[in-house]
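Taking the form predicted on its own, here's one chain by itself in structure tokens.
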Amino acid sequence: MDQELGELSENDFMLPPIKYEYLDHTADVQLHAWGDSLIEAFEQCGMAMFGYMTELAYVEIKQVHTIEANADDMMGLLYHFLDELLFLFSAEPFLICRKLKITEFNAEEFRIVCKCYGEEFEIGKHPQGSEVKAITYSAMQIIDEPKDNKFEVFVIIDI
């Protein structure tokens, strides 16, 4: 764990509005997320994935972990970002996130650093949603149109 609960500020507990939806897809699910920036769209896509795994209202902010993702292009960066989040859930510390905050987003070097706020997943406390097996590149889209204030991502996850 990066930070103990006592080191969190009041701002760390403020949750952003939900800006994502689930779209039907044969045998899988497509995450559609948007935001006021590409950074927010990435954060919302990560939250959409966690929201598919459990009901986020049951998740408390008790721990903070930092992940890093690197890639050769923007689609690879989105893929690796979500894959790092999935790994955080699938292995120690089995973290289910309630909030994501990207602290570094380098669109030229394709690098993300993100703080992940949540707690260890507990059967009984957290309703079990669908298991996310993998992130896919299938039909992945990143819409980055600042002049139109349009920032969206579409990602199919294997469930």
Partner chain sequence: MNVEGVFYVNSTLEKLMLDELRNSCRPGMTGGFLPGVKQIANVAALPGIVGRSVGLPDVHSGYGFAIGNMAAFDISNSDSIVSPGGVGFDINCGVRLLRTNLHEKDVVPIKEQLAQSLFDHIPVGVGSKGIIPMNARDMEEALEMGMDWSLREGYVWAEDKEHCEEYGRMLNADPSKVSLRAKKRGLPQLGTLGAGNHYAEIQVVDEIYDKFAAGKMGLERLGQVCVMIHSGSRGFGHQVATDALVQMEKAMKRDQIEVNDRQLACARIHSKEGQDYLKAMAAAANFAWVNRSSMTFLTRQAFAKQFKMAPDDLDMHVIYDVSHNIAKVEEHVVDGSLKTLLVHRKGSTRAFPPHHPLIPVDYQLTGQPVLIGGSMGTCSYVLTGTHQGMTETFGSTCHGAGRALSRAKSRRNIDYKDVLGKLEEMGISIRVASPKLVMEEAPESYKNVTDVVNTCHAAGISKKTVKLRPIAVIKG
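None of these values were measured; they are calculated from a predicted model. Numbering follows the first chain given and starts at 1.
Below: the form predicted in complex with its partner chain, not depicted.
Are all three of 11, 107 and 145 close to its partner chain in the predicted bound form, meaning a heavy atom of each within 4.5 Å?
So, no: the whole triplet misses its partner chain.
Residue 94 near its partner chain in the predicted bound form, any heavy atom under 4.5 Å?
Residue-level check for residue 94: yes, a contact with its partner chain.
My question is simply whether residue 86 lines the interface with its partner chain in the predicted bound form - judged by any non-hydrogen atom within 4.5 Å.
Heavy-atom contact with its partner chain at 4.5 Å: present for residue 86.
Although its partner chain is absent from this view, report whether residue 120 comes within 4.5 Å of it in the predicted bound form, heavy atoms only.
Because a heavy atom of residue 120 falls inside 4.5 Å of its partner chain in the predicted bound form, the answer is yes.
I'd like to know if residue 125 sits close to its partner chain in the predicted bound form, meaning any non-hydrogen atom pair within 4.5 angstroms.
No, no contact at 4.5 Å.
Taking the partner as it appears in the predicted bound form, which of 125 to 133, 57 to 65, 99 to 107, 31 to 39 has residues with heavy atoms within 4.5 Å of its partner chain?
Selected range: 125 to 133.
Residues in 41 to 70 with any heavy atom within 4.5 Å of its partner chain in the predicted bound form
Those in contact are 52, 53.
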